[in-house]
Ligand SMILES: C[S@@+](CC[C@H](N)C(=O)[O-])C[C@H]1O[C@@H](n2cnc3c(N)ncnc32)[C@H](O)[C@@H]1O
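The chain that follows stands alone, in the form predicted alone, written as structure tokens.
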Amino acid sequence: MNAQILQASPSALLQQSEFVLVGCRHGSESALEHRQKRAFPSFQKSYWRKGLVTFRIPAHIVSKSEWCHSGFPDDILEQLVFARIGIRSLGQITGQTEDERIAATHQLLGSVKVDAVHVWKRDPRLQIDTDSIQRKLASLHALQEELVTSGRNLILNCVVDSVDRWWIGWHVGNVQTGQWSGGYYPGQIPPHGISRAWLKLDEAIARFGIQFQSGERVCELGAAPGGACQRLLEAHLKVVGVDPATMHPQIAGHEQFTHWKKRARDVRIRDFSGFDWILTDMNIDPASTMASLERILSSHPHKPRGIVATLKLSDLSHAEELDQWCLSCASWGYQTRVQQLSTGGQEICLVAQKKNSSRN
């Protein structure tokens, strides 16, 4: 490996390796492969373990400029839907001790300089001290802290696969999500957070660049106990929660919150007029969620400017219908993006905004 060439142009390294490592939620590997076969049939699946899938990319593709300058193009990552992160593989590191593996990584990299180091586990349940690995790898590059910088950053990735095996790779952090170690959202639910729905919406806002405007009206279907409503109220929005269940007292008593204590299908269509956003996180199958949205959106000439929908995938075969869901949104006048969030469960987040709205 020519370190000086790498520093000048990451594409040189890409041309030497045709393998990418793709991190995903445990249990989503088959859904990820399904998306890959539909969108990128020339990719060849190689190594596969829970939470990590490796693909071999044809040489004529990885030699293209978008691959050479990013390691793994953001638009391809997004099309895979179930991919949390994609990195360019430099190889496997083994050793009996952590220091041996650090030394082997140093030998692999030579004098290559990176802007930051990300250390993350293939399986979050692994009982391994990644902070120690982080500090030692950062010291090789005279880095003072973990990567939390802006702009184009050459990021070294160390994927802890098991007690004695790491995978080393790299990508360029072109966008905010590319600077999240392992593709995991770094935000945390606050001490006052009512439920995990607060954190899921917080990640969706960050991942999709959603920009709510103070004073906008939002309706959430399936709102109880109120975690997402809490996040919306903190953004100074006027919120209506639709749910037959009881809301948390902190939300129920908020002056900008209204509770419609009923099921979404029992709300009159005309009552949905005037909302700027429709959110839904109902514990029902995705076809029923999409039917609820269609009931609302196909009937109003003045549609909300955005939708944020959580689609539960109790059976991952539902993922085969994803393209149809996006087509439905397009027929209602929306541009759609879909991603499995790192803070969610076996579900996907669909964000649709009016086609005349700017994409962030």
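These numbers come from a predicted model, not from an experiment. All residue numbers are counted from 1 along the displayed sequence.
Separately, the form predicted in complex with the named molecule exists; it is not shown, and the next lines address it.
Highlighted residues Ser195, Ala228 and Asp281: every one comes within 4.5 Å of the named molecule in the predicted bound form, counting any heavy atom. Checking 281 to 289, 180 to 188, 98 to 106, 160 to 168 against the named molecule in the predicted bound form, the stretch whose residues place heavy atoms within 4.5 Å of it is 281 to 289. The partner is absent here; in the predicted bound form, the one residue of Gly110, Gly215, Gly91, Pro244 having a heavy atom within 4.5 Å of the named molecule is Pro244. With the partner omitted here, the residue from Lys303, Arg35, Lys312, Arg56 that has a non-hydrogen atom within 4.5 angstroms of the named molecule in the predicted bound form is Lys312. Residue contact check for His236: none of its heavy atoms lie within 4.5 Å of the named molecule in the predicted bound form.
The closest non-hydrogen atom of Gly222 lies within 4.5 Å of the named molecule in the predicted bound form. Shown alone here, Arg263 lies within 4.5 Å of the named molecule in the predicted bound form, counting heavy atoms only.
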